Ligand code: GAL
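The chain that follows stands alone, in the form predicted on its own, written as structure tokens.
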Amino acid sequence: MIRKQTSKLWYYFLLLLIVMACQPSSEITQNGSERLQWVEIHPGVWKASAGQPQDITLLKAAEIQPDLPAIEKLSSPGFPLERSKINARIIDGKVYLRFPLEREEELFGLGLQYKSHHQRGRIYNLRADHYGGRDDGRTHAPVPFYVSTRGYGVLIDAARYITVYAGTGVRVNADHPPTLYDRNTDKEWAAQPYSDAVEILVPADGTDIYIFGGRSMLEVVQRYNLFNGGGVLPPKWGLGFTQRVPTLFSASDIEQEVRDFEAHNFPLDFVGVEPGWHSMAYPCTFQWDKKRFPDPERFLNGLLEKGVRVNLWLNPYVSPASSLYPEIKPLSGSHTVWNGVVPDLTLIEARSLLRKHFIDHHLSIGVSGYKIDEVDGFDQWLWPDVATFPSGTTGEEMRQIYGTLVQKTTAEWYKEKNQRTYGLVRAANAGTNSLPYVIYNDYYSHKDFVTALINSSFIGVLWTPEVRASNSSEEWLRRMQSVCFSPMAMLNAWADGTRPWSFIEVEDEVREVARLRMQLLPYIYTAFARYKYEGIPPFRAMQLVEGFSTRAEQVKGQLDGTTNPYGTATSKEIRYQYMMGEAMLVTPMFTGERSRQIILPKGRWYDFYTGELVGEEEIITVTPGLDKIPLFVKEGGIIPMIAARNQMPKPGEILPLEVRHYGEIAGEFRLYDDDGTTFDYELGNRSWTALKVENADNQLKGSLQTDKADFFNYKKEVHWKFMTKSSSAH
């Protein structure tokens, strides 16, 4: 018996040695820096460790599961940086990292920023927080990942407040020092000299570092997304229209709201119920208010019979008035938020208590999802950094991962029920790519919302530019047009009770763009499927489009004795246009604009509405009028659509399909479909259908071929619509 026990110990000891040998390590060089040992853990993904990585990290909190088969389908690039130029030091319990930068290199990513795309030359303190109007790193998704025009990405996997100097600091012993100019006489003098490195400070004695390679920036982003499990595939109803009702609306108020939507013939797939559903909010009980909602199950089922689902607002801080409180309190942090305790969601016991309560009171009676508020900031609202948690997780670490933990916890409940969900959240971080949540906030700049939508595509999160209020019918319509071409089409009326028809003079135009979104379901749903299976963001920056020029023009500011005494340069960036899916270019308009310039990528581009050629790899000016958001489709582009409707199709509903083709060349589109509500697609219950247009003797002809007809919820008799008038068609 002793011999058997000894054999087991030797077995485990040898197994430990094997595991340790496979882990990336480092060695100390003569100058005190660590020589990082890079290990290719997946094709095109390398990992190294500096110092001693922490017990809790961004990726550990998310418990990522890389989609290895999908990663293996991508190219197999070599290590994209010069290894000797990557430097790591541990000084005073902090990690100092340095990565090389070439002169013409541009950087994107580094969190959900709202005013800029190009991040070279910026300094960020990446910290989970409510966005405060400045791109300083304090934001709802402070993802410490950047992607370079050279075809690589860098991720720092530390749940800490990470400071990034993205090509700003100039070392005395720089490999490529900047040119020395005399400000008195040289016009080329610049307040921010050239820097040849990205330097990162991690306030911990160790961290894991990942580098992602690729043939292009898009492939780098794909590999990063797939490494984190691929993107989310929402239920079809989640891509419909949602109305969030005023805070104290009762069940009868909401039922009347649904009837009003029907009377106005306006799309509605799910209703957002704000804090008034709780018996107490700020902090929350997570129990129904008996006066406003005397029979929650009847209320939920009644709306579901009309095809309308319910999404509940919450913040995760448990009120002393909640039945959860006595058991959850010992498993919570040392400080409260609005007098509510903060459950330590790294503990399985805490998650189990929440699971039972939420399933019993919400999921089992028909609640379809959540809006998770106040997991981002401000400092005076959340727990302070001096807070402690039972698991030993620090207040700083918990702040960086709490949005992730709440998303993951709630998403697991729906996965258990084999029911997809789609909701809203105020904070996310690295590793949340596959979680069914869209980020939102209380900041309210239309232009900055579109900038954030573009930036979200670099860092593996989704963002929605919601509509709340407007000063004019023009602003109302322009905001509505943008939100209908985003991950979630939402009107948030929690404070002022606005409705889509609040500006009656543009009611028809608002309805038209909302119904256009509904028509585009096959196209948008396929874009999300490609996000899931290929890692391609459904809404993505122009910099991720092949053949698109990414250079930002540096504009030197005028010297001013008070506002700009150093003539600091700014970037004239490519902004306010983005791709939706593989073929559609979206170019929002803003209040007061009668025309705008659009930069067309490589190839020929056509007006979505008319099919007319608008240009080829050039800058054009459009004057679309108020009723249309400018949309363009690339040469050979195929856009599958359904008839206008007010709700997304139910499982098993078979719909007629219209397929539009643009241009005069052949094209192909792989149309994705499944039941739209469950996770059965993971068992193979899904279809990919080839929609092809061929051009023979200047005759266009369309065809359809599906791999699994049982999971194809469209009629096979397709109405082909060849939009470019100069082409003959069959």
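In this text, residue numbers run from 1 along the sequence as written. Only a predicted model underlies this, so the values are computations on that prediction, with no experimental measurement involved.
Omitted from view is the form predicted in complex with ligand GAL, to which the following refers.
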| item | value |
| --- | --- |
| Which of 321 to 329, 347 to 355, 400 to 408, 439 to 447 lines the interface with ligand GAL in the predicted complex (heavy atom within 4.5 Å) | 439 to 447 |
| 157, 129, 219, 274 - the one with a heavy atom within 4.5 Å of ligand GAL in the predicted complex | 274 |
| Residue (of 135, 269, 199, 373) lying close to ligand GAL in the predicted complex, criterion heavy atoms within 4.5 Å | 373 |
| Close approach of residue 426 to ligand GAL in the predicted complex, 4.5 Å, heavy atom | yes |
| Touches ligand GAL in the predicted complex: residue 492 (any heavy atom, 4.5 Å) | yes |
| Partner contact for residue 282 in the predicted complex: ligand GAL, 4.5 angstroms, heavy atom | yes |
| Contact flag, residue 146 vs ligand GAL in the predicted complex, heavy atom cut 4.5 Å | no |
| Residues of stretch 307 to 332 in contact with ligand GAL in the predicted complex (4.5 Å, non-hydrogen atom) | 313 |
